[in-house]
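Taken one at a time, structure 1 and structure 2 that follow are two forms of one protein chain, written as structure tokens.
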Structure 1
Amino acid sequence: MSDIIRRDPRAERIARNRLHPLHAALQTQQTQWMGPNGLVRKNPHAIAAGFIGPAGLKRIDRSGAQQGGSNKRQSSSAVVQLPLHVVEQPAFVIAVVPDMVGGRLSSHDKDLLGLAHQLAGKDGAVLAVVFGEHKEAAFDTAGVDRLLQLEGDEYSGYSPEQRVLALRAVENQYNPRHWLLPDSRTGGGELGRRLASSLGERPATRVWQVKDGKSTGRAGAGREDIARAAPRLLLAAAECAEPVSETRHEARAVKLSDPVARNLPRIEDLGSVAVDPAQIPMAESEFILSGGNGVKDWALFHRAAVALGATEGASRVAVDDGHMPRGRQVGATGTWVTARVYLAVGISGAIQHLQGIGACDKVVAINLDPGCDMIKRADMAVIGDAAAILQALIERVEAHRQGAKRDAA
């Protein structure tokens, strides 16, 4: 048996939200209790064994046939299925071009799809355009009605001109009512501006709200807002809308009717530039290894950060004790971070620290206390000794790299 405790944050959010349509399905019902006279009372509505009658109502099976002849009540976990949203003949299309960093939808991408779902309403369809191979398996629950995957070597690496040609082909075939791209440093901001120039559109940038036909975006270094009629092309900021969580969509695969012409590249991609993670500001880092009071071997912690290629961070307690400089403090009293992966080692999770990591995509916690607040916040938690787990991580990473070198040779 594995000692790793796995949680489902989405199910926990639904269980806390009484207005969610699946709230009742995730509530644990009390099956029996002791009455005031000492008699055991049973709740027949909480008994799992039964069958669906002709009128669609659940009936209780008192014969014991579904229980193998046993008189004991057996509980069964029902799989909660979101309602399927189908648009057979959409009146219009909302085109979304997610960043897909690492081949998966980021939290920014999911916010963008939530905004697209709002603009599409019941009559429109959300079309997601993805370049190259991906590892995403949850396009349906993210709000994608149509999925267009454009594969080929011409889209690999830094290829904005070729991608604009492909998006022009999408424009000719689908004529989207709106184009939505993330206004990010990971590609969406530049690609959206190139597409706007190609289409002759004046885009709205850093959009954080679209309501009643008007878009509102940040300006003046974030000190002012600009409201205007929503244009066809929107470059949206993070948290522009709530991600889709109450419906499941088709994510039906579609193709372009005509092939995309190859562009003669005027830009040569020389590959990624190696950057020292220690030189990356924490506010801009994608992967942070953060230590707290539970870290006893700080030399091992620094070796783990180098092996994982992570930027180092720390809790306020670790900084006050002199283990890390003040500039590496994470939290409301330090630096607010937006990492894709935040690995917290030996951090209990004070409220100021949890506020500082609120915008992180995935939080992994390593701690001996299974009841601490950081474990409750984490998307994945590992209960165990920090030193042993960090040493195991270093060994696994080094073994993986040595295997990659042997395969390359």
Structure 2
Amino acid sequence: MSDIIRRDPRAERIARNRLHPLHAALQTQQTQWMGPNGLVRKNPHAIAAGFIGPAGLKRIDRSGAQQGGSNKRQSSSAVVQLPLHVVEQPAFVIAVVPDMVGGRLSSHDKDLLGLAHQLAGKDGAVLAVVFGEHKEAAFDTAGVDRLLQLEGDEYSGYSPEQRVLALRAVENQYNPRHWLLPDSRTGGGELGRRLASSLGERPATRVWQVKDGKSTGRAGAGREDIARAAPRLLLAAAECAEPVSETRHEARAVKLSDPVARNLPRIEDLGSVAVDPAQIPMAESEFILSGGNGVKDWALFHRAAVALGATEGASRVAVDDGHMPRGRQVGATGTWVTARVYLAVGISGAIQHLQGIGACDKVVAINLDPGCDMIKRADMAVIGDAAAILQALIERVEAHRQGAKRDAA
């Protein structure tokens, strides 16, 4: 028999998808093995040891205490320490300019850092350039080797001209092998194109893959791909690469040797304008309150959306039953959303619905059924009646706003 290892992509997909009916059959019973990079990999689903949590759900003990002979659970503060990847003298630099929406790395930014590491290999370092203040505490596990934070009023708000000046200073100091920016509407798309024109580079846009020195990007209204030799400047789409997950990086702070000149802006930022969340297209909304068959009081649901300042979404059943317009349907046959927070009320989590929320950062579920697939998918869950929880949410938000008004007065 030949030694060639044959892969079965379908079986691999099923093995990764814990909602697939054949998932269990394709799980290896091995609980621990050495991965190709020398890292120990664990399969938490094959671990028999676990305990029943306060909500009656089975919890897996990832601390390893239950598999090591001792039946005592270790404290939840025991954190897995990933191996530290240090690049003392980088041969070259890959520069990434994350969007940092809300001061944190978005999932799009993390995908980009994953791509940057593919391009950096062992000898290169990933340099993240961040404007203004941030709230991010996980640059190290996201894959940042060097962190350049550019602070100052001149970078606050919408300031693309000043930012391009700063990036030109980075170009002069580090001469990055590649520049990577998210091809997003929230910043990177425009900043990247401005930087390209300033550097005289022809960027690759909406890039979803970089392999063997070639970049492939979407074109023709999403119906065509353009493949070309990977240029220096890559404006990448979400999911262009797997985010870094197996290593920790230094995130060593660096500075520009020369101060960045201040330009006389031709654009004046007049500040943010309040918008009606109901008017925001769902695909662009950052915060979605989505209702399903478990919502019985739709007037309350609409009041909750207004109180929370959320854009409304719905499951197909809610739309079919006439509670919400067709344009609000989330899922495989509706809109694929990319919200930072997706709050699912009374939605069971059918696969067609979950497909539509795959790119959401945080999913919060409100449901009566603790075993439903939406609860399994959620980062946070509240088990209870939708109406009671929405009512309590509205009261909390209103009390919070009243308190803020009183403090301001």
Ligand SMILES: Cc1cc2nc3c(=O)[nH]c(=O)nc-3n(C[C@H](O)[C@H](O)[C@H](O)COP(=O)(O)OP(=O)(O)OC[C@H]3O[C@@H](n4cnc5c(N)ncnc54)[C@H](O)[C@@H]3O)c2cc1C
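Values in this document were obtained by computation on a predicted structure and should not be read as measured data. Each form is matched to the other, and the largest set of C-alpha atoms that superpose within 1.5 Å is called the rigid core. Throughout, residue numbering runs from 1 along the sequence of structure 1.
Enquirer: These are two forms of one chain. I'd like to know which is the form predicted on its own.
Expert: Of the two, structure 1 is the form predicted on its own.
Enquirer: Would you say whether Q118 is displaced between structures 1 and 2, judging by a C-alpha shift of 2 Å or more on the superposed rigid core?
Expert: No.
Enquirer: Against the rigid core, is the Cα displacement of C360 between structures 1 and 2 at least 2 Å?
Expert: No, the C-alpha moves less than 2 Å.
Enquirer: If we fit on the core, is the Cα of G143 displaced 2 Å or more between structures 1 and 2?
Expert: After core superposition, the displacement of the G143 C-alpha between structures 1 and 2 stays below 2 Å, so no.
Enquirer: Give the C-alpha shift of E12 between structures 1 and 2, in Å, after superposing the two forms on their rigid core.
Expert: Here the C-alpha difference is 17.7 Å.
Enquirer: Could you check how much the CA of I389 shifts between structures 1 and 2 after a rigid core fit, in angstrom?
Expert: A shift of 3.7 Å at the C-alpha.
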